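To begin, one chain is listed below as C-alpha cells, in the form predicted on its own.
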Amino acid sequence: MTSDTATRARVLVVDDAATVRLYHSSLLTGAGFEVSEAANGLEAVEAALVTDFDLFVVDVNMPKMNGYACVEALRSENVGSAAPVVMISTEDRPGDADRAYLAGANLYLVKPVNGDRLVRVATMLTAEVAA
C-alpha cells in the first residue's frame, strides 16, 4: 500500500438515484477520495458495519430506509460510526435541515449541490484523515 492510498479518505455515497450516485462519486473520486456507493439507507448501514468510512454523503428520500433513519442507525450504539454525515436532499422546507441535525447529520445541503462545494465540504470534514 502506498502512502498516497493510506491517506485517502473513504466516502460512502448513499442515494437511490444511480445518476446522482455517479455524479457525487465522480466528483469525490476526482478529488482523491476513495468512494463506495449504496442505493439506500439499509445498504449504507450494512456497509458501515464492515467498513470504516471517513464520511457519509446521504440522500433523504430513499426506499427501504430513508436518510434520517440511516443517519440515526449510523449514530446508534450497534453501528457507532462517528464519521461526519452530509445529508443532501431536494427537500427545502422549514424544519428539513433541523430534522437532519436531530438525526445526527453534520451538514444539510439542498440539491442540486455545486460540485466544488461538495468537494470543499468533504475535504474539510475529512481533513484529519489526510493529516
Partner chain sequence: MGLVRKQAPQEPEEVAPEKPSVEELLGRLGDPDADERREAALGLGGVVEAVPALLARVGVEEEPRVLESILTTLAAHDTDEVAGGLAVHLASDEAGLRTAAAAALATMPRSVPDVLPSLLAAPDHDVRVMTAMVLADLPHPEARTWLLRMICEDPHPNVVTGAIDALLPSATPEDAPVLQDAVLRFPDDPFLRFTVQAALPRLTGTVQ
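Positions refer to the first chain, counted from 1. Keep in mind the model is a prediction, meaning the values are calculated, not measured.
One more form of this protein should be noted, the form predicted in complex with its partner chain, which is absent from this view; the next part is about it.
Trainee: Find out whether any non-hydrogen atom of Asn40 is located within 4.5 angstroms of its partner chain in the model of the complex, and reply yes or no.
Mentor: Judged by the heavy-atom cut-off of 4.5 Å, Asn40 is well away from its partner chain in the model of the complex.
Trainee: My question is simply whether Phe53 lines the interface with its partner chain in the model of the complex - judged by any non-hydrogen atom within 4.5 Å.
Mentor: Result no; Phe53 lies far from its partner chain in the model of the complex.
Trainee: Tell me, yes or no, whether Val20 is in contact with its partner chain in the model of the complex, where a contact means a heavy atom of each within 4.5 Å.
Mentor: Judged by the heavy-atom cut-off of 4.5 Å, Val20 is in contact with its partner chain in the model of the complex.
Trainee: Taking the shortest heavy atom distance, is Met62 within 4.5 Å of its partner chain in the model of the complex?
Mentor: Output for Met62 is yes: heavy atoms within 4.5 Å of its partner chain.
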